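One chain is shown next in C-alpha cells, namely the form predicted alone.
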C-alpha cells in the first residue's frame, strides 16, 4: 500500500515506477514481494505479530543481505481490512562486524590455551616435588594456583565454544529421550558438587523429547549453576516440570538477588552479567544464558525469565513433546 523513502533506498526501487502498482505485484527482477507476503502469512498465523525475524535476501545490485523483520497484524477501522505493518532493517554490516569479533576472539583464545596448558603442566610437577618434601605451606599456595588455572581454562573454553557456535553452530546429535530421566540425572549430578544448596524436584513428566540430549542437559546445568551462583544467601533451588499443550516446561527457581525489569530483557544477551545490590560482581563471562537460548531455539522451544528483584528468579524453558 505504502512505504517510506528508506524502503525504496534499501531495495533500489524508484517510487515513480511503482505508482498505482501494489507492492506485492513486483516480480523477481525488482523485489520479490510475493516471497515476503508468503513468509508473513505463514508466520502471522500464530499470532498478531512477530519480532526480530532474520532472513537472507538477494537485492538486485546489492547482492545477499541479512534483513531483520518485525511485523504486526491489525484491522483498519474503515472497512475492517486486514493489514500488516512491516519494519525491515538491513543488519548485514552489523552481522559482519560480529563475525569478525568472533574470529578475533577465537584466535586470541586459541593462543592463550597453549601457555595456560604449559603453566598447568609445570605446576603439577612442582606440586609433586613439594609433596615429596612435605612442604604443606607451599602446597597450599600451589593448590590455590591450580584452582585459578582451572577457572581460567574454563573461561577460555567458554569463549571458544561461544565463538564456535556463532561461526558454525553447534554439532547436534538428535535422538529421542526421556525428559524426566534427564532432569533427575542432571539434578543429581549438580547436587554432588554443591554443598551450599539443596536442589529439589517438583512434578514429573511422562513424555519424550526429540533432540540432542546432551545439549538440553547443558541448558539445565547452566540454569542450575546460575541459580546457585546468584542466590548466595539462600540454601535451596527448586526445579519444576510440567506439561501444557503438548509441551514440557522446565523451570529453575532460586531465592537470590532477583533481576530488575530492565535487566530481564538483557539476561539472554551475550556477555551480560548481573551485579548484586552492593555492586558485587559474580564469577562468569555471561555466556551461559546466551548459549542456552540458542540451544532451546534450535529445538523449536522458548526460554524466558520471571523475577522479582531481591526475592529471586525463575528461569523456564519449554520444548515440544515428541509424538510417537
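Only a predicted model underlies this, so the values are computations on that prediction, with no experimental measurement involved. Numbering follows the first chain given and starts at 1.
Another form exists, predicted together with a small molecule; not displayed. Remarks below refer to it.
May I ask whether 227, 254 and 286 each come within 4.5 Å of the small molecule in the model of the complex, counting any non-hydrogen atom? Spot residues vs the small molecule: full contact, yes.
What stretch, of 242-250, 227-235, 112-120, 127-135, brings heavy atoms to within 4.5 Å of the small molecule in the model of the complex? That would be stretch 227-235.
Would you mind picking the one in 274, 40, 296, 68 that has a heavy atom within 4.5 Å of the small molecule in the model of the complex? It is 274.
Wondering, does residue 267 line up within 4.5 Å of the small molecule in the model of the complex on heavy atoms? So residue 267 counts as contacting the small molecule.
In the model of the complex, does residue 11 come within 4.5 Å of the small molecule, counting heavy atoms only? Output for residue 11 is no: heavy atoms all beyond 4.5 Å of the small molecule.
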